[in-house]
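The chain that follows stands alone, in the form predicted on its own, written as structure tokens.
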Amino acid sequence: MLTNAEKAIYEWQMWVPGIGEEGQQKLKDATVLISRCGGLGGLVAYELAAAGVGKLVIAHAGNVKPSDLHRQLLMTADWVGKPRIDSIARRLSDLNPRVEVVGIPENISEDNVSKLVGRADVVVDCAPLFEERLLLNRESVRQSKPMVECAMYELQFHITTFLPSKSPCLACLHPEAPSHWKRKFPVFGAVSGTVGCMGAMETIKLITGIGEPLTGSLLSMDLRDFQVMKTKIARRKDCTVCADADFGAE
């Protein structure tokens, strides 16, 4: 149950209609898997920790590099050359020691994807490699776990939510990794942070049941001129991942 200290910390967000103590308890009881916790995933993790999500499972390999520091706000200059996951866990625990942070010093792979998705109630995909994204999508559909999909490039970002058996999946949108997708790309940290906060809010909506998630729609925004576009995602009946899912009567 929520402690008196937790009620005091989360008081203002519990005033949001539809949240209250029941919604806050749902957040406390939830486990979220975040694939990569850099400029994008770091803001997702930070906002979810601040909101009181009970457990964050974070998969992120490698050491902090100088080029991380302009956007990866859970990394610090004194941590260059040290494991990213240690900095992530330290910073999230400093913010909210009540949140359990499970740091996995690995990126998503065939070897670990089933186990990691199996630990989560919600998956948030922030991976820079599209192969990781497709692995997460396949496993999320197989285990019927909702997945929030976030991405950015330059001054643009995209976000959507996939609900197995209720919406198209990532493979419906991209059956294969897009040829233009690159591991390194131009981006401002403020763009990563913008879509990261939106990804955290989508996750909170999924856990608590408030609002309407971006199911079946891709929300795109160009921060150069603040143009917003919302596009329907069509389900592919020949999709190799979700074609056999039971969508009920259509």
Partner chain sequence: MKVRFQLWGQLRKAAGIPAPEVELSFGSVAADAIKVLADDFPDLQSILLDDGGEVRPIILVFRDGQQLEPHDSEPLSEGSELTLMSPIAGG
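Positions refer to the first chain, counted from 1. All figures in this text were calculated on a predicted structure; none of them were measured in a lab.
One more form of this protein should be noted, the form predicted in complex with its partner chain, which is absent from this view; the next part is about it.
Contact annotation: its partner chain lies within 4.5 Å of heavy atoms from the stretch 219-227 in the predicted bound form, the single such stretch among 25-33, 199-207, 219-227, 46-54.
The partner is absent here, but in the predicted bound form a heavy atom of C126, alone among C126, I88, V123, I108, sits within 4.5 Å of its partner chain. The candidate spot formed by K145, K166 and G211 lies out of contact with its partner chain in the predicted bound form, as no residue has a heavy atom within 4.5 Å of it. Taking the partner from elsewhere, R84 is found to have every heavy atom lying beyond 4.5 Å of its partner chain in the predicted bound form. Heavy atoms of R98 never reach within 4.5 Å of its partner chain in the predicted bound form, leaving it off the interface. Among residues of the shown chain, T231 is one whose heavy atoms approach its partner chain to within 4.5 Å in the predicted bound form. Its partner chain in the predicted bound form comes within 4.5 Å of no heavy atom belonging to R138. Contacts with its partner chain in the predicted bound form, taken as any heavy atom within 4.5 Å, map to no residue of 15-32.
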